[in-house]
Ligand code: NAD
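Starting off, we have a lone chain in the form predicted alone, written out as structure tokens.
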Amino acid sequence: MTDFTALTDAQGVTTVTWDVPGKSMNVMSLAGFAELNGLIDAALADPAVKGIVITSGKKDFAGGMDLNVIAQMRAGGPQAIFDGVMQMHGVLRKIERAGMDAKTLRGGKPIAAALPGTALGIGLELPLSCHRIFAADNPKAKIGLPEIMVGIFPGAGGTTRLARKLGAMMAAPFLLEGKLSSPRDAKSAGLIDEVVAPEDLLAAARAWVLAASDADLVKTWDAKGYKMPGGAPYHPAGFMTFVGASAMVLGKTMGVYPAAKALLAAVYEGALVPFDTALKIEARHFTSVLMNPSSSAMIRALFINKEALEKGANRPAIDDQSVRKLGVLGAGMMGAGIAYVSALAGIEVVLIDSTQEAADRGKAHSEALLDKGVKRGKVTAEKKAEVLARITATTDYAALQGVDLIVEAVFEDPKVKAEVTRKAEAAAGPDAIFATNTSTLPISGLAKASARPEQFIGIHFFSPVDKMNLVEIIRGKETGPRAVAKALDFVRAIRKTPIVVNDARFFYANRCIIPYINEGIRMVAEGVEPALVENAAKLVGMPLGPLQLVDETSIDLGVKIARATRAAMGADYPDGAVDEVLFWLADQGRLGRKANAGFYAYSEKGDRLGLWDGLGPKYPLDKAQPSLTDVQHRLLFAQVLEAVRALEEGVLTDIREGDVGAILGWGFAPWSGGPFSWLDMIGAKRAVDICRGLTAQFGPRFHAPRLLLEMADKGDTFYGRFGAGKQAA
């Protein structure tokens, strides 16, 4: 069994077909590279072969590099990584030069790439080394270099080739942001050369190969007198491009993502030297990034772990539980969002509210989102009509007959939820699974209203539903395996990433993010400069500072949660100092962004103008401000210690879910790979030492949990002890 095969037709065109056995999508391996190299050598050496077409035997071209290859290279150390990358460069450079004479640049054989569908990572880097790239007119296909999104950058020549093909400025969105394009958009941007009807793909590529001249085989960067589009670094225009790019990278990454800095350095330095030297520079920077623990952690969390969870790593071993008909109770923003993503995924939806007007308004939310897609050319009028036809907006619970899953998204009041639970279960029949969408109310308590608690489960969506990728599935005390499987199959169908946790106050995500917000507010009360709090958070990789985050989620919601938590915990409630600030702001009518007034000041249009100057008179700044590191430690440990406690208490049973959930749910420093990966990075002993210092200065909320103390004593790591899907004890 081989990844690549070759067949030469009567006209002398060799078609090299990439078709990895047992995979739905091609991925490149070291063995695959060796096979490709051998087939290219044979075709170039055969006088009967006039040219080559490289294509795929699958509906897509390729999804990228097999990440096991990266793991293998990393295990061998930096020299092994560099040597491995340079071997890849050698194969792709051989394709690019195609046997032509090095001096005259003549006598080579044309090589075309024919992409039937999606081409990502090495799936685009390989075509970029070919002389012409053809793509099927497939609007669902995505073409691009998304490596930056998982903590690395295109290291098989994609960085160097795309920068030289488009110029640094035009290449920036594809390299630094991982922008993906449809075939037509990719052609418009200059990434590929031709878009043809799918049935004409191979014929068009073969025809070009047979008609190509020597001049068609010479890449612009190999031609005499090549100048980088937009200007090289020392050209006035090019200089300004790199100055701007450097500022953009720093502004977006805050300096905590090594891959972005390394990529920009590879482009800048590579632009100053000949092409082959630029490839070596790219390989050195790529090696440096792969040896950085951040890249390993990001790949593990955002690719390996995320993919495993999406494929059902923790799904009970029972029959398929696909959702065909869904009931949604409550047509507010959350219920309307759930209805939209479900109908978009092909599921029939019954959307129920107390009035027809409210139900229709919920359905109109889907129409508005679809209209945006139509306007951008992403959705056809036919698709819009098809999706809307799947949503029935009604007040009649009898319409729930035949649904196999109900998601309740009504007001966060146990009495209201209990009432709709009883009504919906009676209407839907005995086999339907009932899911409550709640962010704070204990699932086991809500399940008391159900006639079938083993079929009752929590499904916590994050807002806005259409944009947030994480879904938290919560097992109540009596929740059975079929309910868990149903929830997981549903989340997979709507293309979200699930984590499964056990019932506890605030579950997992809110349990960790609330202490982060509270710690920021607590520092304001102590007299810490609010701008220091906000910028410390961003400089350590948090997407939003805690004060901005509470403005976005609304201060009155924070007040509501605080009052409910205080009522539940009584004398053990630890956040009185936080409440003083929140309640004061609420009394001032400063309820956050929705009121155009919170920790921040806002314009009449809702634009954030800066931190509100009214904080100073109420909470004067302390003369001795803490260091940046001290503030960052408080903000990070407020979160990670809750994650460890959740694992220790059995709320989390899989640290993969803890890391993926943290990044996707509330944006925990993605460069770190998540809280458990970050603790492994710094080491349990170092973490305990920091906890002791914080506890001595700020109190018992920073006590190291028993599990962390034990791991520090034994020299354990979380992924060493609980990784690869090992269930926590």
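Residue numbers run from 1 along the displayed sequence. As the structure is a prediction and not an experimental result, all values here were calculated from the model.
Unshown form predicted in complex with nicotinamide-adenine-dinucleotide (NAD); subsequent notes refer to it.
Checking 397, 221, 208, 303 against nicotinamide-adenine-dinucleotide (NAD) in the predicted complex, a heavy atom within 4.5 Å turns up for just one residue: 397.
Interface residue among 137, 412, 404, 185, judged by heavy atoms within 4.5 Å of nicotinamide-adenine-dinucleotide (NAD) in the predicted complex: 412. In the predicted complex, at least one heavy atom of residue 417 sits within 4.5 Å of a heavy atom of nicotinamide-adenine-dinucleotide (NAD).
By the criterion of a heavy atom within 4.5 Å, residue 460 is counted among the residues contacting nicotinamide-adenine-dinucleotide (NAD) in the predicted complex. At a distance threshold of 4.5 angstroms between non-hydrogen atoms, residue 326 is out of contact with nicotinamide-adenine-dinucleotide (NAD) in the predicted complex. Contact check for residue 158: no non-hydrogen atom falls within 4.5 Å of nicotinamide-adenine-dinucleotide (NAD) in the predicted complex.
Contact with nicotinamide-adenine-dinucleotide (NAD) in the predicted complex, judged as any non-hydrogen atom within 4.5 angstroms, is confined among 272 to 280, 99 to 107, 492 to 500, 432 to 440 to 432 to 440. Contact residues in stretch 330 to 344 (any heavy atom within 4.5 Å of nicotinamide-adenine-dinucleotide (NAD), taken in the predicted complex) are 330, 331, 332, 333, 334, 335.
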